[in-house]
Structures are given as C-alpha cells and as structure tokens.
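The chain that follows stands alone, in the form predicted alone, written as structure tokens.
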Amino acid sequence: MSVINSDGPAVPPMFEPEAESMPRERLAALQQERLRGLVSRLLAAGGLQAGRLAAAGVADGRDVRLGDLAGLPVTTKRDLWEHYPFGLLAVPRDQVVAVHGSSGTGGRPTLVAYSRADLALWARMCARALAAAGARPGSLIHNAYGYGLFTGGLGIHQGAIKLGATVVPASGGMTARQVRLIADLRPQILTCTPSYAIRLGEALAEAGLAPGDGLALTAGVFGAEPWTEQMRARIAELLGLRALDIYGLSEVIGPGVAAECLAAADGLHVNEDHFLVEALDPVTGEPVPDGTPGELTFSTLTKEALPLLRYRTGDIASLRRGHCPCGRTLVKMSKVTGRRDDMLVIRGVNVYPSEVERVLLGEPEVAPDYLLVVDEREGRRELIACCERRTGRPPGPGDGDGLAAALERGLHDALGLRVTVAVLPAGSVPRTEVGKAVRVARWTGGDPPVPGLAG
C-alpha cells in the first residue's frame, strides 16, 4: 500500500524498505562491515588493487574502518583500459555470466564483468528506482533505453521484471513504432534518455496524442545524460508526467546506483548500502563538504566479478543528507552537472554544457534540442550555441536575431563569457534516437558541423 504524505500526494511503497529507510547508525555499521569484506576480497584476488592496498599499508580487510576510507587508494577508468578485458576480475573466469560496457573515450573499450549475483543485485537496484517512480506489480513500463552492451535497456528490463511490472522492451529508435506502442498499450512509466523523451514527446504530439488525451503516462525515469531542471520542465510539458532522474554507470553496476523519488524529485537517493559514495575535489582528490560539487567516487561494497575500491567516475555532483518525505534515509546526490572530461575551456573560462542548457531552455521560445560548437578554426577557440525556435508557438517579441541577442546576454550573465548564439531553422540541430545525445561538436575547418551555421 502507498503511504499518505501529510503534505499531499500518496508516497509509493519502497521496493526494499528495510534497506532504503535504515537508520543512519545501522547503515554506517553495515557499510563498515561490507567495506571490510570488499578490501578482503581485493586482497585475496591479488593484482592491481591488492598491490595498491599493500602499498598503502593495508594487509587485512578486518583492520579497515569506515573512517579510513579517504586514505585508501583510488581506481580510475584508465585502470580498466590498461587491464582490458579481464585483468581486474576478482572471481574465476567461469563465474562471469555477462559483460557490459561502452566504447569509451576516443574508442578505447571499457568492459565490465558480472556474476549471477551481480546481475541479481542490479535488477534489485533498478526495481528500487522504478518503485520510487510509482511503478508497482502490474504497472506497464515502456523501456526505450538501448539494449546491448549499453547497460540501460537490460538493467531497467530486469528491474521491471524483479518488481513484477510489465515491461515493453522497445529499445531505442524506430520512433513511429514506439508512438504506436504507447498509444495502444497506454504505459504508466516511460524509461529512456532525456533527449529521447523530448523526441518521443514531439512525435506523440505530431500523432495527436497529448497529456490527458490519449496518454496515460504518470512518471518517467530518464538517465544516461546530464540534464537540467529546465529540461525537466520541458519533458513534463510535452508528456504530462513527473520527470525523474536515474544515475548509474557500467563500471559501478549500471543504472540504479541512484534515483529520484516521486515524493520529492529534488535529488537522487544513492543506494549506499551497496555503493559507498564520496565527493572528491577533482584536482586534489580530497573529500569536499556536503553541498559542494565534487567528483563522485564509489566503492562497490557487494559486487563480485569486478569490485572497485574508490572508483573516480569523472561525474560532478554534490551530496546532501537529511529528511526526505518519501521516508528514505539514503544520502542524496544532486543532478550531475557535467563530467570532468566534458568541461570546455573557452578563453580561460570553464564551461559545462549543462550550464549553457539552463540558459537556453530557460527561454520558452527555444526548442529543447541544441548543439554547442567549439570553433577552433585558424587557432581561435570560440563557443557557438546552436538552437532552434520552438514550433507550434506564437513567436515572441523580436525576430531570430532578437532572440539570439537575448540569449547571448543571458549566457554572458551566467557564465561571464561571450557565447555566440545561432538560432537555426527547425530541424537543423541533429536529433538522437539511439544512445546518448551529442551536445558538443568541434569545428576545425571545412563545412560547419550544423547546416546553416555561418562560416
């Protein structure tokens, strides 16, 4: 049964309430016990992480306390690259039942192994996220995350089954077919990337399906890309649902590491009984106080096949503790504001794409699809924000040049940097139907990366 929140709407039941609402003191004791188990497994497995622990003076996991965490060695994506494909395994090779991963930066492969217990854990974490969005046994979930090496599709799929819901494995792309499935099956929950949620919303509107008139969607679980509150508002407007964030990465387990709840939607509850989280200064590697943006760093307390100690993700977010109306006691992380390696340095100013998105989508006349072009021709380094005027709305005051000028002023005020804004004809900015949205392109010479962009 749902719990009635005294402030208003019913709060959906948790999938694992004993774990998700555990008193903090008991949670800390569990984390310490599991951290000791993780260190013991790494030492027993030998190899890179065992060597680093030994160099740090750690000879026995039983000697490690939770307060010692900041002094333990870290791992990074480079470690996975350099020990590709199975060099960091902590179980015999015949206990690996699945692999997931991605091509990695610059095409360098990242591959992560899973045991049967790892897959079962992943399904439970995704079931927690879906339950937090209001899904329950019998709910119909339209899953438009890609299926394959990318962890999104299969993770949510198994989580829905674990919860007892009905999953529609739509995967990504073939948007016309997805529109038909949504119209015919009337799912309550949509799961996909936020950029594809926008694409689906536009396609549904073109098909004459609007919130409350042909759509039964109540909530969406959108991840795999950083996205802003402005994007949340646009998705909610298009689809008439509560847009919730989910976070994960294959190195840690996949989606389900953290997720927002329907009751608050003001930060993602980290499943810290299994994933011990820290926020570190991206430069010094030292822990930062709660509320301060830092690099998310996870210790996979219960993973078997590829356990990682203090894995630095490159994702920038802040942590916050305190009461949540949903009843969960788990720490919250903010939305990811960007990746350490996605930061653009333009004339000495550090810029994350999400900072530009906040300004662009804060203007009601701007469509939600955009592309940032780093103009590097002839030794220059300028930033061009390419966007489109929204269709189906009466034009606001001024023409495209007036809108561009207003956005340029807003970006200068927000970033302290001059950004050129190009308001292009509808359909100019590339749309992403499969995988993650591409938000940045580099222009080093030749034709512009977006049709219609002036040379």
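Just so you know, these numbers come straight off a predicted model, no measurement behind them. Heads up: residue numbers just count along the shown sequence, starting at 1.
The protein also exists as the form predicted in complex with a small molecule; that form is not presented, and the subsequent description refers to it.
> Heavy atoms within 4.5 Å of the small molecule in the model of the complex: which of the stretches 195 to 203, 216 to 224, 161 to 169, 323 to 331 has them?
Replying inline: Partner-contacting stretch among the options: 216 to 224.
> Is there a heavy atom of residue 246 lying 4.5 Å or less from a heavy atom of the small molecule in the model of the complex?
Replying inline: Yes, residue 246 sits close enough to the small molecule in the model of the complex that at least one of its heavy atoms falls within 4.5 Å.
>> Just checking whether residue 115 would be counted as a contact of the small molecule in the model of the complex - the rule being heavy atoms within 4.5 angstroms.
In response: Result no; residue 115 lies far from the small molecule in the model of the complex.
>> With a cut-off of 4.5 Å between heavy atoms, is residue 336 one of the residues that contacts the small molecule in the model of the complex?
In response: Within the cut-off, so yes.
> residue 302 near the small molecule in the model of the complex, any heavy atom under 4.5 Å?
Replying inline: Residue-level check for residue 302: no, no contact with the small molecule.
> Is it the case that 145, 152 and 255 all touch the small molecule in the model of the complex, with a non-hydrogen atom of each within 4.5 angstroms?
Replying inline: Yes, each of 145, 152 and 255 comes within 4.5 Å of the small molecule in the model of the complex.
> Out of 357, 369, 272, 315, which one falls within 4.5 Å of the small molecule in the model of the complex, going by heavy atoms?
Replying inline: None of the others qualify; the residue that does is 315.
> So which of 178, 75, 250, 139 reaches within 4.5 angstroms of the small molecule in the model of the complex, heavy atom to heavy atom?
Replying inline: Selected option: 250.
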